[in-house]
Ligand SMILES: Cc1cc2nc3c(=O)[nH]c(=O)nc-3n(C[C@H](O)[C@H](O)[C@H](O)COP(=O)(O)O)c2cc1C
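Single chain ahead, written as structure tokens, the form predicted alone.
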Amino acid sequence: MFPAEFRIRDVAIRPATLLAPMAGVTDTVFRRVIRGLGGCGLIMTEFTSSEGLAREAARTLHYLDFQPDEHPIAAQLFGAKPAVMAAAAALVQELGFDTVDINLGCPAKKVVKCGGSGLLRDLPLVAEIIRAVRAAVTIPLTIKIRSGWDECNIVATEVARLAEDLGVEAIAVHPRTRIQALTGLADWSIIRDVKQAVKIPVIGNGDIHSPMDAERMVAETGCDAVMIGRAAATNPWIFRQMEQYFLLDRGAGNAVPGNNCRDASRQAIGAAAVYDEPSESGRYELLSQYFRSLIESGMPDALGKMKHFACWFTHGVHNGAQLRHLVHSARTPAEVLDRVDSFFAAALTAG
């Protein structure tokens, strides 16, 4: 059965689902969209440079903007200098975040040079960073890791045990190596191995595209929660869909995965009714709301974010390629809004 809740010390995460930190995606506007749609237990900021925070760079500080309705919320930090990471974590606590997370998983070249998955090649330094951050904050501390640098250096279980010993209170595991980046299949057996190696909560991440994938991950690995990244950018409704899907488990007498009672319930109501798919009007409402909120937020690169988000989101829209072209060729945020409004007005009239 999919867990209804898990806890990171005194922070209750309900449902047991997390929005992964994604550069250029999980800003405060997108996070509030996810919160508004429902079904996500914990949201996370974009990964944020500890060095940038140390310099008090305005652009870096902007990554930590959040609103009261985003709680519970975690800030994720990256960096390779223990003292700098500790100072950044202290700032995160001062700003009112519920938890702080250390990024040990990002595969991007510019991040690997100064943190992220590059640290998986230097576990003594990982230990120094965790000790420094743990000493700097009283809020719960978590980490997010990859399985290792490459197939010859799978260190997820070793890192998990090390982290638990040093006071880390939950660990998210993306079971691809840094060399894999986002290619190939995530090896969920690594999540299972980590879960069996530690007592702290383990969060599974990777290749969850539907509620059924999340159900299967929990069944196969025993993980305490699931984290969703790219699928949430293309389908922001996925957390609400998961909530609808798993309500059937509890409505069918706390059935376990594969239980005939639950399966019969789904067959009785029909597969299409297991969870809601967004309508074209719903897609229009969300896209329009998100774009308008970007403009109202005063983000310095609202136009760029509109175009970035359009690359992700419009793959679920009928004639999405046409809409992407309209958005990408626009020169101002106002022009983007006009084109989105006109596109959906024609589409909804034709439909």
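Note that residue numbering begins at 1 and tracks the sequence as displayed. The structure presented is a predicted model; accordingly, all values stated were derived computationally and were not measured.
One more form of this protein exists, namely the form predicted in complex with the ligand; it is left out here, but the text below deals with it.
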Indicate whether Gly229 is a 4.5 Å heavy atom neighbour of the ligand in the predicted bound form. yes
Give a yes or no for Val11: in the predicted bound form, does one of its heavy atoms lie within 4.5 Å of a heavy atom belonging to the ligand? no
How about Met22: is it within 4.5 Å of the ligand in the predicted bound form, going by heavy atoms? yes
Does Asp207 make contact with the ligand in the predicted bound form, using a 4.5 Å heavy atom cut-off? yes
Look at the candidate spot formed by Thr28, Phe66 and Phe313 and say whether the ligand comes within 4.5 Å of a heavy atom in all three of them in the predicted bound form. no
Identify, from the list Ala135, Ala197, Ala127, Leu182, the residue with a heavy atom within 4.5 Å of the ligand in the predicted bound form. Leu182
Have a look at 221 to 229, 274 to 282, 89 to 97, 160 to 168 and name the one stretch with heavy atoms inside 4.5 Å of the ligand in the predicted bound form. 221 to 229
Would you mind checking 92 to 128 for residues with a heavy atom within 4.5 Å of the ligand in the predicted bound form? Asn103
